[in-house]
Ligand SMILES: Cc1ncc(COP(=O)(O)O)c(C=O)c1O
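A lone chain, given as structure tokens: the form predicted on its own.
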Amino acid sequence: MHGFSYKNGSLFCEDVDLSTLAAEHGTPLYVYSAGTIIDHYTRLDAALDGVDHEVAYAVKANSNLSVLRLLATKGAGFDIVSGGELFRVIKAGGDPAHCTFAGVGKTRDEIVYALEQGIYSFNVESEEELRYLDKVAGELGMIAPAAVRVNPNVDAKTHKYISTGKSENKFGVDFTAIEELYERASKELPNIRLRGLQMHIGSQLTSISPFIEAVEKVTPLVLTLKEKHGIEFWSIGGGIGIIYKESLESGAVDWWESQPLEERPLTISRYGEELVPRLKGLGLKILLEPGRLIVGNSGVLLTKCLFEKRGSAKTFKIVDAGMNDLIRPALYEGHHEIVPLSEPPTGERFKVDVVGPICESGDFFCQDRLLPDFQPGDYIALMSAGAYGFAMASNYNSRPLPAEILVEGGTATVIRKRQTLDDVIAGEL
């Protein structure tokens, strides 16, 4: 569920009319619901009651300092994939001792920085990386806490670009090689503390089955590593999906209750009900690394229709946001529900392409989609844009980055100023 709905004919974020924000701050414009972020975090945390656990938010999903600060005040840990993300967490008031550092290509500078800040664990992706971590830690006279990422070869049945748990993916160490790797590391790497085991099978999973399969497959391995090497935690990753195709409607409880039980998307409560019994007897701390689940449906990208172009084959609605602002549709066919800020009448829909101003044929937000009519000058919202939206934005075509706004009840705060053209070329000679 989320904080977006029509009220008196206008689309609101919590208690703020989005059309007023678009008019005041311009477009493209990212707007986030603080209440949605907090609600998703607290409900996931509560769903794991009965198990020693920590919810470590995946910073890559949305790394705005105000978003990180909001989660830090609620006690969240953080899953980071770069030294820059660790820097952001610290600036936002997060505790490095509750940070895990993932990623397949950590540099020496990043490792040194993370060791000096006292992170909880490095999630290591290969034996080569583990040996390099040992070398760097030894040169500093330090012990590096580490967990190897196991690749359980479980098919998450998600898009190939966000699948991470199969043998052909670049992430992790083969399931059959983990025990021997821990044995070698315990004997040969004196500057490594084997603190845990990590896994993550992919993103945007809307079925519980892959999670159950992965947990049940890896549990015997976890217990063996606990007995032989004294590991203290098991990170089971993130990956719980969100609603994209009926995003606006899914903000209401009634929508969820109307879905046939066998077709109902995975809920936070179902996730906890299925996994807690499988995890509670292990005697290990369980880490979760959600990103999209926490912030995905908390955000929208507002954009203004500039022109309508009617051709013999298609009708194009040209808007002022582009693939540089939200790249998911171009990058991996990501679907975003598109709704006018003024509530449309029920009835006729028109088949259109919604496209941006970028000089690329891939610069589109939808193709051949039936949408309510909107005209030049009207504002629309691209729903479910809170995760991998601004975080993946760029200055392609020398376009300034959008502003970001955080809404808390009836208060809207600018949490990132819109870039100016001077900002875009800052640092260049």
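The first residue of the sequence shown is number 1, and the count goes up from there. Predicted model only: the values in this text are computed from it and were never measured.
Not on display, but discussed next: the form predicted together with this ligand.
> Though only this chain appears here, would K317 touch this ligand in the model of the complex if you measure heavy atom gaps against 4.5 Å?
Contact check for K317: no, nothing within 4.5 Å of this ligand in the model of the complex.
> Is D325 part of the interface with this ligand in the model of the complex - any heavy atom within 4.5 Å?
It does not: once this ligand is placed as it appears in the model of the complex, D325 has no heavy atom within 4.5 Å of it.
> Would you check, heavy atoms only and a 4.5 Å threshold, whether T303 touches this ligand in the model of the complex?
Close contact is absent here: in the model of the complex, T303 is far from this ligand, nothing within 4.5 Å, heavy atoms only.
> Using the partner position in the model of the complex, report whether I240 sits within 4.5 Å of this ligand, counting heavy atoms only.
Judged by the heavy-atom cut-off of 4.5 Å, I240 is in contact with this ligand in the model of the complex.
> Sort through 193-201, 175-183, 82-90, 220-228 and report the only stretch with a non-hydrogen atom within 4.5 Å of this ligand in the model of the complex.
Every other range fails; the passing one is 193-201.
> State the residue from L341, L287, A102, V150 whose non-hydrogen atoms include one within 4.5 Å of this ligand in the model of the complex.
Spelling it out, the residue with a heavy atom inside the cut-off is A102.
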